[in-house]
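For reference, the chain that follows is the form predicted alone, supplied as structure tokens.
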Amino acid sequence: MEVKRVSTGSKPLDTLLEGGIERGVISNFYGESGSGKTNACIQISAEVASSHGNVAYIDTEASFSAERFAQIASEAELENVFVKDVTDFQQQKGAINSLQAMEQDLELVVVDSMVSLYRLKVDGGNASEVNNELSEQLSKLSEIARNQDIPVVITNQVYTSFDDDELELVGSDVPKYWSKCLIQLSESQDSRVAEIAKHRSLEEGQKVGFEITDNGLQRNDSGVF
């Protein structure tokens, strides 16, 4: 079966992903604060908008920057990006449910971050209920990706496991299950690194180094690890 991909607009990410993010599935960029998650979302949105594709961008952290977008693409192409600011988990659910009713034909859906409002909602007493709601939202996004044959990009926050001092995704197995591509972003001494943590057709563990520049996510001297 031919895998259809959409360029991220970033040479190192496209090299790592052998052409870009896949259509029809959820790709999840996760990592610690400052690792480049929102920059990756804006980069991919700018690339799709530059090709006259419409982007639905659900912003849960007030992190989308029109100025940053214009650095990579242009202010005119920002007209192709429909940003929805949400401030609680129920609004996030409503924004996701409304995607199928949009008049515009979408070429990309972004949710940045998928779990920040979930994190505020969940506690020890309601974890099962809120996890079910998170799963339903991701199920809806997966359905949209498949039915409309478009990529869906989400970001995920992380925490450090007390047991083995490893980074774990907020939401744990829920986002892992629904995301067919997991890309871990991290910072090293002299650059940032993107690593394939899960993919249905590419080898896991492959890495690429990149820098965040005025023109987007660009290759650094270290290239592919």
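When you see a residue number, it is the position in the sequence shown, counting from 1. Quantities reported herein were computed from a predicted structural model and do not represent experimental measurements.
What comes next is about the form predicted together with a small molecule, which is not displayed.
The small molecule is not shown here, but in the predicted bound form it comes within 4.5 Å of a heavy atom of Gln71.
Residue contact check for His199: none of its heavy atoms lie within 4.5 Å of the small molecule in the predicted bound form. In the predicted bound form, the small molecule sits within 4.5 Å of a heavy atom belonging to Ser33. Heavy atoms of Glu168 never reach within 4.5 Å of the small molecule in the predicted bound form, leaving it off the interface. A heavy atom within 4.5 Å of the small molecule in the predicted bound form is found for exactly one of Ser27, Asn39, Gln184, Asn54: Asn39.
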